[in-house]
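This document starts with two versions of one protein chain, written out as structure tokens and named structure 1 and structure 2.
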Structure 1
């Protein structure tokens, strides 16, 4: 009598539609308008080239440490492409592709990475948060935002990104629990890129999947091939639908790979085998998507090449503008560092600002 099965674990689905050789499962293939396919491709390519350029800038010492996205473009872009501008997008620190898709400019990103607070400005009409450095802490904010949307009766959906490492933090579990308890329209998108700095996925959690963690909190999770934009697109579509019409959370685990360094301050050779990287390079989402678009007759090799040139030019212009902005900031009064700490500056801070300006006048700008 006292020993019985009270709950069987729910099965966890894995979804893959377009494999790395370019083969498509016709039964699962989503009907995506050609224009959207092109948009997704452009956003992915844009961020690949943006990433390469940013790495160059970092190596030249023009910007500081940053977290590259190479390899995770599909998992990011295909997840956010169906969000409305009024939906909420909450990144961790590695979602530059999704951030740029959502409308952040390369200039803003570069200004942030060049060490200017101005780079984290959020326009009043945006429902996007700036990148978030303390791992997993953003998950809780997503829950609060989603609660407010539900409370206000809007149909807004909240999508929050985090890594596989983040799933070990209490903040992640607390957020998942709240999302389940209050049945909130929030989607957790895990970028399972296999590594949290030097800790491999198997040493982060003994769970077989990350998706299954949702079950413990009373909602659904799905694992998808994160390098397959079609699979990510379908999983996101279903999750958005569930959030919007049923106000239910979902956890989407995108199985992907961080092809580059954790950040530019990291040396993966210490902990990761080159062969592993080579294996994953074969699964690169960009050539895979190119094969698909070509076979479908949506784009040609010339289109790809043309787009590459166009984006390179755009990035060149963007860096020029960024440099101009930096010159402008450097010429401006540095007491901008006192701005926005309080709504109304307290007297002692005003005093410090005056002292600061006085010092700068006397001492000039100190170097490192």
Structure 2
């Protein structure tokens, strides 16, 4: 019986076009229309300022815990900007930038983090799913949707986001296997932000890259500089074309960094060094993209400053509207928490509702 090599390792491509100093590789630079470049930049900046405002609101006790996105704007916006409205977008819990680009409003996000489910309701005509907190479970949803799209013969593409920690979960591997076996039009976008809460990337997997995990499942993977919007744009464009025309999946590993906390309940100083954060701050995608746009003559310093003021004003108005909506909800009946659980309310739940209302009547509302 022979001992022989049956398969040699397949190389994994790494793509970077715009370095952290703003210098672009002209040979690799994609031909992106100026309006699209401005759209990407505005969406990235909007979500950076939205993130900062949301952190202030959380620290003031006006909303609950949330997962900031600071540093990961390029990996999200540049990936979804080429999806059609009819394509499917499946987020985890840190894709606020991509969610807002796809149509969610700041008011929606704030309402959700203030405790109201109304904030995550997706309009019936949208092909987006609400955020998903159980790690990697959204990958299963994505391949199911992609399978349905292929079965029905549509040209819809599904893009699902997850973190590097999700690649340690069974749901991720089951979804990848299903996508490979059935050759589904699905794109897995891994935001490898180096930390799965307090566990560093090197303790997540012995694989040299996350992208190479796709090889085991029979399709392609690519690793890109996730803080480089041009590289993410090119990788997403190629993956979308492959999914739409060949019905083949792709795994895109965006190498990025979580500049802030995992969630607002987390203290990263307990497990990572300030020096590491400072090194990654030099690679921040927003100033890097600003240098590129300025050198290309697409935007000026005055444009950047004006846009920041415009967005801050927009966010002020949005929070006033959110506060008004919260007051409206609080003025309603508190037994709304029993609604929408069953189509026909069972007797034990009706009993609990009656007890709850009687107690409120006897003791008053906690917030009164």
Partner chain sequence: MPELTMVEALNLALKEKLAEDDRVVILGQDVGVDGGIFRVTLGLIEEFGPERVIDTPLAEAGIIGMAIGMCMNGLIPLPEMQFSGFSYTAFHQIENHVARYRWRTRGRFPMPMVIRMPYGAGVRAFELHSESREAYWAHTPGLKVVIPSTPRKARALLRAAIEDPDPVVFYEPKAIYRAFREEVPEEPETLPIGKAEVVREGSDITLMAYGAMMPRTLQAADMLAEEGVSAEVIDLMTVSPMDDETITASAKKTGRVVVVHEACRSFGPAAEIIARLNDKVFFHLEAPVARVTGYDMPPPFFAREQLFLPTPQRIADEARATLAL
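Positions refer to the first chain, counted from 1. Fair warning: this is a prediction, and the values are worked out from it, not measured in the lab. Here the rigid core means the biggest group of C-alpha atoms that line up within 1.5 Å when the two forms are laid on top of each other.
Only structure 2 comes from the form predicted alone. Two rigid parts of the chain rotate against each other between structure 1 and structure 2, and of 344, 331, 274, 33 the one at the hinge is 331. When the larger part is held fixed by a C-alpha superposition, the smaller rigid part turns by 14° between structure 1 and structure 2. When the core is overlaid, the C-alpha of residue 335 ends up 3.4 Å from its other position between structure 1 and structure 2. Core superposition places the C-alpha of residue 351 5.7 Å apart between structure 1 and structure 2.
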